[in-house]
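One chain comes next, on its own, written as structure tokens: the form predicted alone.
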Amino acid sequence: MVIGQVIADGISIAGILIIVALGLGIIFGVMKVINMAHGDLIMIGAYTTYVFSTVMKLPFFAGMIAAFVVTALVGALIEMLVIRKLYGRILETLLATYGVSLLLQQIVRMIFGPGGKSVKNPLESSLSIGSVVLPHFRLFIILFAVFLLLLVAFVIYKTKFGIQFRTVSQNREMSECLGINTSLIDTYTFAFGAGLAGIAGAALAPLKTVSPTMGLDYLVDAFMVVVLGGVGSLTGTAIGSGVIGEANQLLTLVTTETLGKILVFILVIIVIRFKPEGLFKMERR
């Protein structure tokens, strides 16, 4: 396999990691909630896309929008019924979201069965540049990841919700004194992060078999991206995704895929040993 193809595949994987990690970056990086159900929110987004595009025969991109809406609503319910009572209690939050994860998987099994489902690739052709072949859908994911990154930056830094969201994350007591409904902002923020996970599931649906446990494969990678890039940093999320995506692919040239993942994991441990805040530290006033 030529080095150009490996690098192109690494960029494609980095795009997927950006989409997967954005929602986790908001929920874990800013709200300080270790959400073990993040992978299952990705799974719900994938199943929503399956229902819209495969069962109902609607356009794939309508399924992506539906995945965001449905998963955001599920995330809002999780925040109001479970997370809201556990803010500041990290261990209890971890255990509770793990329980939510198992519950969501079982509900999906009861509705759709344990077998895998498939979603048709909406962009089946590919682009060839010399010996490098880049499927159009992979190219779409790269461009969509960049768009989503810019959109999230706009929402956080240029909208009223974003200002309130950053205010609450930095000083909850002062925010309440200023009349901000912090509980409502918490719900909106968690729902927004969950919705982004749903979009990640929609993007993965044509590439992977849609199954109740499909999100678990991306949970560890998403946490590694957030920790490596810097908790709460959008730039760090992008750089962390690029480093992990390219490292995973380049290491497959000299070793197996499994050993490559282990080496990437060791690399992340070494980096946070010397830079505990990650590559990009989020500035707080």
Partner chain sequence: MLKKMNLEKQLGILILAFLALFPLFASGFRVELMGKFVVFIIFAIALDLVWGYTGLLSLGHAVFFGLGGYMLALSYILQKGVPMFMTRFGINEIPQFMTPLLSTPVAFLLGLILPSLLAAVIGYFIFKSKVSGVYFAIISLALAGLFQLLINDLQAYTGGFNGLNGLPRFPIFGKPLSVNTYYYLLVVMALLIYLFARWLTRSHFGKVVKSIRENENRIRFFSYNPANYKIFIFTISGFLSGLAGMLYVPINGFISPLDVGIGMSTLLVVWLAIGGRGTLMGAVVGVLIINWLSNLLSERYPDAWQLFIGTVIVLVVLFLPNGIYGSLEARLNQKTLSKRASVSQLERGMQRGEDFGNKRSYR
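Since the model is a prediction, treat every value here as computed from it, not as a measurement. Residue numbers count along the first chain shown, from 1.
Form predicted together with the partner chain: not shown, discussed below.
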| query | finding |
| --- | --- |
| The partner chain contact in the predicted bound form: L267, any heavy atom under 4.5 Å | no |
| Contact label in the predicted bound form: L134 to the partner chain, heavy atom within 4.5 Å | no |
| Heavy atom of A238 within 4.5 Å of the partner chain in the predicted bound form | no |
| Exercise: E92 in contact with the partner chain in the predicted bound form, heavy atom 4.5 Å | yes |
| Region of this chain that lies against the partner chain in the predicted bound form, out of 239-247, 44-52, 218-226, 61-69 [heavy atom, 4.5 Å] | 218-226 |
| Contact assignment for the partner chain in the predicted bound form, among L178, L103, L207, L127, heavy atom within 4.5 Å | L103 |
| Residue (of M36, L251, L234, M31) lying close to the partner chain in the predicted bound form, criterion heavy atoms within 4.5 Å | M36 |
| In the predicted bound form, residues of 96-123 near the partner chain [heavy atom within 4.5 Å] | A96, Y98, G99, V100, L102, L103, Q105, Q106, I107, R109, M110 |
